[in-house]
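Okay, so here's just one chain, in structure tokens, the form predicted on its own.
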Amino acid sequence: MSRTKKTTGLYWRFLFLLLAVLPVAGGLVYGLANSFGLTGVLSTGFTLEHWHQVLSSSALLDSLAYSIYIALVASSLATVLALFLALYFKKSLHRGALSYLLFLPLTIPAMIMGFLIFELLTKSGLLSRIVYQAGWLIDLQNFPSLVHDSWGFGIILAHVCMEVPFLTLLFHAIYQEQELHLLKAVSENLGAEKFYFLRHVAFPILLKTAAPNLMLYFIFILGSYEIPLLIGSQQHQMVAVLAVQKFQRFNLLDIPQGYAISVAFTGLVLLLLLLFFKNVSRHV
């Protein structure tokens, strides 16, 4: 490698460090200092009181469990639907109505998607009115609660709508890049059935190649804020909503707890990424 390329590479690494790593590290250090009472308006010196209050309460563990449940269910459903679309509508993804329908949700921000789900699924929303006009409901109040519900149906649906187009295009690109159509032809010539090819060739290659993207999207859902804030339950809160509520309360003593929750969640995410990429590097 020439000296010019090495110098250019160092510049790019320095720029990445400056723009991506340092802001996150700086925020993490400030949040850690605030959670220990070393900074902030009411800081009185080093204390573990804020961490004790957060860890002794069940709110953080409940929010983490609820966030993991939402992220797991939404990611799993989106992955299954995206695999189905990518494998059974390969030709339609190049052109036609399906290609436009797939690109459309990618342009919708998370907050707008939350509003759309809210207008669609509330008791006075579009779906309930259609069902009512069709004569299947006596009263709009009999329509089931699909938003602000304990199971997070609305949150899961919003994330699935946002994730399916991205994963479908990703799986389709991997299918073309890995030339799976050639492997499919070979397996058919050898007498293998279609399901055998999907189970032993297509699914493993697609999922293994897309694993980093699936992991990053899982973390994105885990820390989502806008959608659970708009259509989430008041009884069960995702971690980001719980942390922001601590910041926005009038009691200034709650702010260090918000930083403690944010630091704990960041530590969990970094641990997940470390374990995931360590496992990936072993199999490369």
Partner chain sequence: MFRKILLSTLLSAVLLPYVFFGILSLGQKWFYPDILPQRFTLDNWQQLLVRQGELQVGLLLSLVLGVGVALLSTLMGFVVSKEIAWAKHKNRWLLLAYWPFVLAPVVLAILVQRFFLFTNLSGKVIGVLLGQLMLAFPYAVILFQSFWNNQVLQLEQQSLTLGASAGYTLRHILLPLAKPLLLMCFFQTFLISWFEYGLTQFIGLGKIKTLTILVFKYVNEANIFYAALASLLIMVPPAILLWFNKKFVFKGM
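Positions refer to the first chain, counted from 1. For the two forms, the rigid core is made up of the largest set of C-alpha atoms that agree within 1.5 Å on superposition. Here the structure is a predicted model, which means the values were calculated and not measured.
Omitted here: the form predicted together with its partner chain. The next part is about that form.
For the candidate spot formed by 60, 68 and 210, no residue has a non-hydrogen atom within 4.5 angstroms of its partner chain in the predicted bound form. Contact check for residue 238: no non-hydrogen atom falls within 4.5 Å of its partner chain in the predicted bound form. Interface residue remark: residue 109 is counted as part of the site for its partner chain in the predicted bound form, having a heavy atom within 4.5 Å.
Residue contact check for residue 166: one or more of its heavy atoms lie within 4.5 Å of its partner chain in the predicted bound form.
Contact annotation for residue 190: none of its heavy atoms lies within 4.5 Å of its partner chain in the predicted bound form. Residue in contact with its partner chain in the predicted bound form (any heavy atom within 4.5 Å), chosen from 55, 38, 48, 229: 229. Stretch-level contact check against its partner chain in the predicted bound form with heavy atoms at 4.5 Å: of 181 to 189, 68 to 76, 131 to 139, 151 to 159, the positive one is 131 to 139. Heavy atoms closer than or equal to 4.5 Å to its partner chain in the predicted bound form belong, across 14 to 29, to the residues 15, 16, 17, 19, 20, 21, 23, 24, 25, 26, 27, 28, ordered by sequence position. A movement of the C-alpha atom of residue 18 reaching 2 angstroms or beyond is seen between the shown form and the other one when the two forms are aligned on their rigid core.
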